[in-house]
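Take a look at this single chain in structure tokens; it is the form predicted on its own.
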């Protein structure tokens, strides 16, 4: 029997923490707007960074192209997202939020700020500062040093 303990494996713990907090916030945008997690991620990235291509969103969110494509279509049907041809790449489309989509983003952004503040309050200021620093350090490391990739 191996002495490997999945429940002490840091990537597993990080994933479990991310899933738990994402699921909890998921309840907010699902109840308010009927959105999926991927739809929220697309909307949030367009709201924060402005016009992007689907490929850029895939790269920024580490989400599969098909999931982003479905989310983009759904957001467009809701009237929250608009597509336009890319002037630089005939195969790509530039995605932007419509005025209605910007309103949804503003509303969910305020709810996200409240959710984040409650989570940070639960952890306390010292732990929050330490956790922020540790997570940013792991992100900056970017899975280098021989980490396996799918």
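Numbering follows the first chain given and starts at 1. For clarity, every value in this text was computed on a predicted model and none was experimentally measured.
Although not depicted, the form predicted in complex with the DNA is the subject of the following passage.
task = Just give me the single entry in 116, 64, 100, 107 that has a non-hydrogen atom within 4.5 angstroms of the DNA in the predicted bound form.
result = Only one listed residue qualifies here, and that residue is 64.
request  = Check, residue by residue, if 16, 132 and 136 all come within 4.5 Å of the DNA in the predicted bound form, counting heavy atoms only.
outcome  = Per the other structure, none of 16, 132 and 136 touch the DNA.
task = Give a yes/no on whether residue 120 approaches the DNA to within 4.5 Å in the predicted bound form, heavy atoms considered.
result = The answer is no: residue 120 has no heavy atom within 4.5 Å of the DNA.
query = With the partner left out of view, is residue 54 within 4.5 angstroms of the DNA in the predicted bound form by any non-hydrogen atom?
reply = Residue-level check for residue 54: yes, a contact with the DNA.
request  = Using a 4.5 Å heavy atom cut-off, state whether residue 124 contacts the DNA in the predicted bound form.
outcome  = No, residue 124 stays farther than 4.5 Å from the DNA in the predicted bound form.
ask   = Taking the shortest heavy atom distance, is residue 36 within 4.5 Å of the DNA in the predicted bound form?
value = Yes, residue 36 is a contact residue.
request  = Between 89-104 and the DNA in the predicted bound form, list the residues on our side with a heavy atom within 4.5 Å.
outcome  = Counting only heavy atoms within 4.5 Å of the DNA in the predicted bound form, the contacting residues of 89-104 are 89, 90, 91, 92, 93.
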